[in-house]
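In the block that follows, a single chain appears as structure tokens, in the form predicted alone.
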Amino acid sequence: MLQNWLRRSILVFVLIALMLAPIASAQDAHPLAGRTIDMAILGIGGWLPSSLGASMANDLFRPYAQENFGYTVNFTFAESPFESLFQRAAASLATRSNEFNIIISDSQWLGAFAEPGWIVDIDELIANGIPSMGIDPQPALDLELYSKVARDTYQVYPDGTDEIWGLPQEGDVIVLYVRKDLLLDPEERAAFEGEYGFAMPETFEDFEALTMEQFEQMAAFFTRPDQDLYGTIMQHSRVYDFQTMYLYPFMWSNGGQIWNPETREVWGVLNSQVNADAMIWNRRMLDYQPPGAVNAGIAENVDAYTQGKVFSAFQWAAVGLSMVEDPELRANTLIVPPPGFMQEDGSISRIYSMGGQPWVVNAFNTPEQMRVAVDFLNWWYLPETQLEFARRGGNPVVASVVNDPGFNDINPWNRAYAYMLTDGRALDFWHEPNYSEMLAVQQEGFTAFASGQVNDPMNTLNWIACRQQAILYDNLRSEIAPPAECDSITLN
């Protein structure tokens, strides 16, 4: 009898232990259980998606980590403007500092961060983990993104390979914001059709078929300086990449190229007649924009639209919340694909610039910081986290989230965002380590032409191509030197 009782008692004890074991081990198994870890995110100042990443880290990941892993984590957020964030990040990483544990990088910086070994190789992290820090392989970070262009933009370096160094934080594309009160007004529509011979688009589907030639006529029609109303606004500022990003669509959509990524040739590729014509067209669009638009960046674009000074705005989807924050304006705004460009065969080509940013992980993190960074990123890509990011105004790129039946209804720009994020409708540009020097050269040339400081588009392209080819050649990034004629080409 005593033996039976003892056996039953042992069995009950074992069963209770087995029932409690998963609860205890969930935290006990985590090497940081009971610890407090401080983390720092570096992101873009005044940029909602960046601040969302930081706020969600504290609001949502912190309690998640406490409940699931048993540790406390505190995130701080440091920020710098677009034009100085790279320098701040690079200066810190170059000293092998762990000042910033996770960085919101622009996509063009992947090469500059990866080549010196400053950031974690995500391929290695997925396949092998970080054995020296006790971090196992992370297959959950092998993400299925909505499109190849999203993967190429936010993850891949070198261009054209399958090597990934970043994980998407914020997807972004250019969309068109349109005032419905003017677009749908019967008198305005009748007057426009009488003058131009076709009806203005009304629906999302109508805008899918709209060409830039047709849109330019609409912009001209609504340009009424005496009423302080203008047809549209783009971005032409010399700051960072603003002019570049709004000129590229005129080039790419018409078959222009900016370089050969395999040979790293710029000369003979960028300086083409197609691209020269694109510069002329892009500058002509200033005729339908408010005074001072040649200096407009993101903020000025938002102001012009929200203050009712323009009929339409070419603007990033990531700025959607700022563009339509006012409920009345939101109800009065149609957000659609930007115009395409008519081809000789009658088809429409629509290739716009990719925006958005990836997360990159500091390779000099302590083992504790590295483990928190990995935990955070695995949490970030949970479907419920990504949907919450969208509800707060962010733009996910994970396929399962963008394809979710309710995704288009979360924000008024989501349908146009998903449409433009599709392969063949957007491109990113070089991820070269010398990107900042190459960008500065073309921003100087492109804005000089846009502002009328110079008036020969081909000479401007020659000047840019010469200097970019020299940058690549001098830094051993290309075996092709700029031609001798570059010695006599000046920006004039």
Partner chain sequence: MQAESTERIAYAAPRTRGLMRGRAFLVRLLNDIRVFPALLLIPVLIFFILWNVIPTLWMIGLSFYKYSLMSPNERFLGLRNYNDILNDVQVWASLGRTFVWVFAGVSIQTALGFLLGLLFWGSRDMPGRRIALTMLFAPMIITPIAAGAFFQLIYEPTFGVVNWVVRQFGGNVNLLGDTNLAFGAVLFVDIWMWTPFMILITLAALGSVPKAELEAAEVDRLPWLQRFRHIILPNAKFILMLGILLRTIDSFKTLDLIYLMTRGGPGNTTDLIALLLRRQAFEALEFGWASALALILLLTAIAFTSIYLYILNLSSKRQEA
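Residue numbers count along the first chain shown, from 1. This is a predicted model, so every value here is computed, not measured.
Only in words, not in the display: the form predicted together with the partner chain, which the text now covers.
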ask   = Which one, 456, 437, 423, 59, lies within 4.5 Å of the partner chain in the model of the complex by heavy atoms?
value = 437
message = I need to confirm a contact call. Of 86, 359, 419, 75, which residue comes within 4.5 Å of the partner chain in the model of the complex, counting heavy atoms only?
response = 86
remark   = Here the chain appears without its partner; judged in the model of the complex, the stretch of 312-320, 360-368, 385-393, 290-298 with heavy atoms within 4.5 Å of the partner chain is 290-298
query = Non-hydrogen atoms within 4.5 angstroms of the partner chain in the model of the complex: do 90, 239 and 474 all have one?
reply = yes
query = If you check in the model of the complex, is residue 451 within 4.5 Å of the partner chain, heavy atoms only?
reply = yes
query = Taking heavy atoms only, is residue 331 within 4.5 angstroms of the partner chain in the model of the complex?
reply = no
message = So in the model of the complex, is the partner chain close enough to residue 118 to count as touching (4.5 Å, heavy atoms)?
response = yes
ask   = Should residue 444 be classed as touching the partner chain in the model of the complex when contacts are defined as heavy atoms within 4.5 Å?
value = yes
query = Is any part of 322-361 within 4.5 angstroms of the partner chain in the model of the complex by a non-hydrogen atom, and which residues would that be?
reply = none
